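What follows is a single chain, given as structure tokens, in the form predicted on its own.
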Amino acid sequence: MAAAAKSNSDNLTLDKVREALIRQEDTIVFRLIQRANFPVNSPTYDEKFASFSGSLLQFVVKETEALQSKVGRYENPEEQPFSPENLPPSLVPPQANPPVLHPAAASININEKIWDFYFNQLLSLFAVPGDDGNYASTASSDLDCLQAISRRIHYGYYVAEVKFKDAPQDYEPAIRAQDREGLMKLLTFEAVEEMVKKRVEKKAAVFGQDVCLVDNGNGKYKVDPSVVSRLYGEWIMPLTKLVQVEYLLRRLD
């Protein structure tokens, strides 16, 4: 079993992690585009809108995550629930693959921060004001966006693990000193972050342009590409590094 675990860990490389992060960019862009099909639809978030407890969005999140938990979604470390209270256990047999992460990953969930910036800062940047009555679809689309963003941020577990595995001598002193600032500096590569921001902005421009048979050069996009760049620069990458720091602080436990 120990040999199998080591083999599985050896398959975790920085190149593979980067490939996964790049694929997740596509998912995030497409889900933002889908959410932009609806206006803000504020009744979706009104706790007095329906007869059940909480808002329609909260109800959809809770019920959807309960179903997803039964089919094993949250057995994957990077999948973190937004309503973790009283989730039912998985009915699906666990995968036989040995874990590649330190058990500390299971205790790190920053979805409260993701929920906060998504609804209080991000949503108004790409969803137009208004109400078209499609509240259930709006709630479902919001959850799709939240889950894609959360998965990308919590994938920081793997980023931290592969970086630690490749250069433990660089990270162990800061971990032993519980030096958050030192770890953050080790994890920050501004040139790479700028490249990521440019790439997701380009993807948003390509994926989200209005297609017509005659190119009239109107430059209209379903989601402003600069908003996607800002999403990564102000929230996704900083919070991913926060996850990495929290993981590394526990890595030697």
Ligand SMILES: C=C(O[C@@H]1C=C(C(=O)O)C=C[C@H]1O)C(=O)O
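For every residue, the number given is its place in the sequence shown, counted from 1. Owing to the predicted nature of the structure, the values given are computational and were not obtained by experimental measurement.
The same protein also exists as the form predicted together with this ligand; that form is not shown, yet it is the one meant from here on.
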Requested in this report: Please classify the binding site as open or blocked after superposing this ligand from its position in the predicted bound form; blocked means at least 3 ligand atoms come within 2.4 Å of backbone or C-beta atoms of this form.
Outcome: open
Report summary line: Contact with this ligand in the predicted bound form, heavy atom within 4.5 Å, among I33, A66, L187, A50 goes to L187
Query - 4.5 Å heavy atom contact with this ligand in the predicted bound form for all of V29, L123 and K222 - result: no
Report task. Answer for R18 alone: is it within 4.5 Å of this ligand in the predicted bound form, judged on heavy atom distances? Result -> yes
Query raised in the report: Going by a heavy atom distance of 4.5 Å, is R152 a contact of this ligand in the predicted bound form?
Result: yes
Query raised in the report: Even though this ligand is not shown here, does K163 get within 4.5 Å of it in the predicted bound form, heavy atoms only?
Result: yes
Query raised in the report: Closest heavy atom of V159 to this ligand in the predicted bound form, within 4.5 Å or not?
Result: yes
Query raised in the report: Which single stretch, out of 66-74, 203-211, 50-58, 189-197, brings residue heavy atoms within 4.5 Å of this ligand in the predicted bound form?
Result: 189-197
**Report entry** Residues within 4.5 Å of this ligand in the predicted bound form, restricted to 234-250 and counted by heavy atom
**Finding:** M237, T240, K241, Q244
